Structure formats: structure tokens, C-alpha cells
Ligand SMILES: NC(=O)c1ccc[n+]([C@@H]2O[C@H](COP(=O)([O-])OP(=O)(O)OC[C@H]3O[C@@H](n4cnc5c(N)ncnc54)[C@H](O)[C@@H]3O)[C@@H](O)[C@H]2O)c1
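Next up: a single chain in C-alpha cells, the form predicted on its own.
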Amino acid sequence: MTDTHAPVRIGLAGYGFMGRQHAEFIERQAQATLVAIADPAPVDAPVPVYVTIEAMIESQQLDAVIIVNPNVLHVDSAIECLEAGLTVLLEKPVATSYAESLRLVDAVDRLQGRLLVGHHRRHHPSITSSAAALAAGAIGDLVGVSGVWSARKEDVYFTEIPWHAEPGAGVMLINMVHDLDLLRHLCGEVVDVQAMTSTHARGLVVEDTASVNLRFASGVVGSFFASDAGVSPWGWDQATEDTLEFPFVRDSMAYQLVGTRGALSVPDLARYSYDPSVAPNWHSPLSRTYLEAPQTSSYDAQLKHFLAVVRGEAAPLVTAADAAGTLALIEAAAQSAATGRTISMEEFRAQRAGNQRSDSSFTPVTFN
């Protein structure tokens, strides 16, 4: 167990956009200190930089590593750190395929490792409040959910960082993965998925626009639209101040949850309902109130939780197995888009798990 009085010594694997973001989060946290970075590219950093993770681990006394390198390196990098006895915060997606993610799930179990997956939005206070309100029946029985994430990424996002335009990236794995993770968290497991994708806006190998329909085990149905080529004020990043690079639109929203006695928009936490003394009736006026939540960013809350995981004071909120479930949903959506079929999640997971066990050369669905 790490000394609870000393700052947690953290290494960063990757110092691109998100790596620099994590360095800023660490700097704001008194109980953590950034001591080293591993990145094969020459970078200007405030701490020693090593070409490989192995060199960083060998040269520094670390308690933990935050992995923010390209998606295709996530699993191998995480296993390398776990084998060194370090606690890991692994940025999403946990892997580039569900089959590959199971290799990490097995490694965490085998090594009894501590690994938190960076689905940071689960740590946002609006999600904590929303989940509690749904569990308490604040909008009655949940009927459906819809959501949007759309923003126009600049062209250099794809030209200056080539892997952003290659299989293993795309708006589904880079952006929608966060949203579908939250929908799983708030609404439960998905049993069926339908999807359509498009590459016409950018003409890249990876999709720039996607739409999915979801059926949850509870009977709830939902939909989600995402695009990295379309201008909009709608989406998590615009509706929160988690990432200051995005313009904050105060009255924006990311998700709309509809129940038998009310509705809830997230993350603004506006609750719409009828007079509680009368039966719900579509002709009655709706009132709007707001749920309460403390003011903090997802990333700061996630880092505090990660430090507790490092010290053995908390279990990871998002485990490798949980994150693998979200990745299975994303990959099944890609398969649906490629085939035009509705995909059963139970059948999909069984097929992919069987392929992972029996054929190490198995090629996952590509996102295009």
C-alpha cells in the first residue's frame, strides 16, 4: 500500500493533447506529483522524458502510471505497467476491440492488479445526482433516452496526429464511447443495437458521423447521434466545463431521459414533471426544477478517486471488465453499421470471447 502521507508519484505514458491535460490535472492536486513521461516523440516537458515506458519504469520510483498513448498501444502498455506492480489509469477506449480488451481483463485478474479506466464522465457530479434520482424514481419508470455529441474538429486534428484517421480511431471509439458508457451506467445493459455510420463529410477511412439505436435489458429504448464533422451546441463537452478547449453553452444538454412521471436532461439536471397530486396527463402544464450537484470537474474527481485506488482505499469505479462491456457495444454498433443487421449483444460477446480464446489471429470489426 502506498504511503498515505506522501504525494502519489505518477508517470505519464504519452504526452499529446490528453497527456498534457492530465499533467495539468496532476499539478492541481496536492496529493499527486508528476515525476516522468514516456513518449517516443521529442516533447518539451517539465519532468524527465523517456522513449519507452520500460525505460521510465526502470529509471523512476513510481506508484502509478496514467496511460494516454494511441489506442492501439493501450492493452500492452497497461499490462507492462501492471506487471511492474504499478496502479494504472488507462484512458478510454480500453482497447481497439472487445476481443483485445479481454486480454487485459484476464491480465488484471491474473496479476490482481489495480486498474481504473478513464471513462471520466462517470465521476461528474451531475451523473452521480442523475443516477441517484433515477434509482429513487424521480421521473417514474424510465421509458427512453436520447442524446447527441456533435462538434466540428479542425482538419489538423487528423493531419498532425495520423492515428486519428486510422482504424482504431473514429468518432465512435474516440467520442461516442464516452456517451454509450454513460447510457449503460444510467440505463443498464444493452441487449440489442442497430447503427448507421458515414464517412462522406471527411472521406477518411474512419467514420465521421454515426447514429445508433439501443434496446436495454430493462425494456428502455434509446438513440444516440455523434459527429466530429458537424457544428452544434449539443454534447457533453459543450454542456460542461470539463474541457476548457470547448465553448461552454450554459443551456445545452447531452442526454434526455424520459420517464412515466417526468423527464430529466443531463448534465444541466433540469427535471420536468406534472403536479405530483394529479395523475400524469399530457394536457397538464409541466414544471421545471433542478437537481442539486456540487461544482467540480470530471477529471479532478477522477484523479482524486484514482489516488484512492493507488492507496488501496477504494476499488476502481470503472474496471477493465466494465469498460470492455462498453467497447463490446461500440464494436457491435460498428458491425451493425457494416451489415445492416440488428446485433444481439449476448451473441456478439459470446462470439468475440470465443474468437479471442481460440484464434489469436482473429481480426476484429474495423470502424469505417
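In this text, residue numbers run from 1 along the sequence as written. No experiment lies behind these values; they were computed from the predicted model shown.
From this point on, the text means the form predicted in complex with the named molecule, which you will not see here.
- At the 4.5 Å threshold, heavy atoms of F225 stay clear of the named molecule in the predicted bound form, well away from it.
- When contacts are judged by a 4.5 Å heavy atom cut-off, Y15 counts as touching the named molecule in the predicted bound form.
- At a distance threshold of 4.5 angstroms between non-hydrogen atoms, V191 is out of contact with the named molecule in the predicted bound form.
- Using a 4.5 angstroms threshold between heavy atoms, L73 counts as touching the named molecule in the predicted bound form.
- Here the chain stands alone, but in the predicted bound form its contact with the named molecule, taken as any heavy atom within 4.5 Å, falls in 114-122 among 280-288, 267-275, 114-122, 211-219.
- Checking I53, I343, V318, L329 against the named molecule in the predicted bound form, a heavy atom within 4.5 Å turns up for just one residue: I53.
- The partner is absent here, but in the predicted bound form a heavy atom of H164, alone among H185, H164, R103, R202, sits within 4.5 Å of the named molecule.
- The partner is not shown here, but in the predicted bound form the stretch 23-58 reaches within 4.5 angstroms of the named molecule through a heavy atom at A38, D39, P40, A41, I53.
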